[in-house]
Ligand code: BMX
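Only one chain is shown below, in structure tokens, and it's the form predicted on its own.
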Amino acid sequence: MNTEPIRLEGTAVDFGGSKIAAARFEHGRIISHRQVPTSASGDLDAQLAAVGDLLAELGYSGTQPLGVAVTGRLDSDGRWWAVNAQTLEAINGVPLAAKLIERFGRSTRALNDADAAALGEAVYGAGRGIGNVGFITVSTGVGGGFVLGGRLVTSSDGLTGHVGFMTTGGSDIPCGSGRVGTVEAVASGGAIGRAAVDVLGPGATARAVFEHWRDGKDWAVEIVQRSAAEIARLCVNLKTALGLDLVVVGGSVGLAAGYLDIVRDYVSVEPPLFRVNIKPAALGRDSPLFGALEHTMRESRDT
């Protein structure tokens, strides 16, 4: 795949575990943006109805390219699975690709949201012009994607890039994926909030923990450092396995002021061969939107 940027024209959707965002592009720029909370219990029809409402607000026409990035995994048959049982309770092998085309037109394509963000950052963002780029989002969960030698890495089962479900040493915390001791169970925004329940009470959030961290509260410092250490270890392991030249980090936790400085500090004590360059997502929250539309326009052009 050629990673030279093309002029994005069309609409993109980023369907995440906590929000659905949609944007309209003209001449390679976002000119309009809408966002609503995600319904965790909605079935496929309900989720697509919410997407349709956003697209209507943006003036979407079924003849325009539409790129849709979704949390979870999308297999080669276009079926959508919510790998984490704690999000999107009714999404379990539903025919997303077919339903998208049926509802929104044949110029519609879908892919995983972290894959979309990796593609967006590799072509238009922090990874532009760099050979092997990894993307890690640290938000409600932890996910990832890879563009190696200019090609987005995918698999038939759609599991590629779900780096948050890799296990980490010394943890016995259960994860929504069904595995125990995963990176997501220790490092994600959800994990940060859960780690603070004893101090802040039920409903503790990562945002609240970060506020106390900035105030220098020891318990909050410990929680944030634990998360950053796991993400640093993940970055180093991915460089070792894939020969990454750069890891781009996004997500509400990943982009929190000061967080990446801690991650880099942990990476800096590794032997020189294993240190990897780490940058924040240049496109911010919009990385998946850029990548989703890029994917659709290239797929449409190549067919």
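From a predicted model like this one, the values you see are computed outputs, not experimental measurements. A residue's number is simply how far along the shown sequence it sits, counting from 1.
Just so you know, the form predicted together with this ligand exists too; it's not on screen, but the next bit is about it.
When this ligand is placed as it is in the predicted bound form, which of 70-78, 221-229, 194-202, 98-106 ends up with heavy atoms within 4.5 Å of it? That would be 70-78.
Within 4.5 Å of this ligand in the predicted bound form, do we find a heavy atom from each of Gly127, Phe146 and Leu244? Answer is no for this spot.
Taking heavy atoms only, is Glu184 within 4.5 angstroms of this ligand in the predicted bound form? Result yes; Glu184 sits at the interface with this ligand in the predicted bound form.
Against this ligand in the predicted bound form, would Val83 count as a contact residue? Criterion: heavy atoms within 4.5 Å. Yes, contact at 4.5 Å.
Is the gap between Asn132 and this ligand in the predicted bound form 4.5 Å or less for some heavy atom pair? Judged by the heavy-atom cut-off of 4.5 Å, Asn132 is well away from this ligand in the predicted bound form.
Given that the partner is absent here, does Gly17 sit within 4.5 Å of this ligand in the predicted bound form, heavy atoms only? Gly17 belongs to the contact set for this ligand.
Can you list, in sequence order, the residues from 125-149 that come within 4.5 Å of this ligand in the predicted bound form, counting heavy atoms only? Read in sequence order, the residues that approach this ligand (within 4.5 Å, in the predicted bound form) are Thr137, Ser139, Thr140, Gly141, Val142, Gly143.
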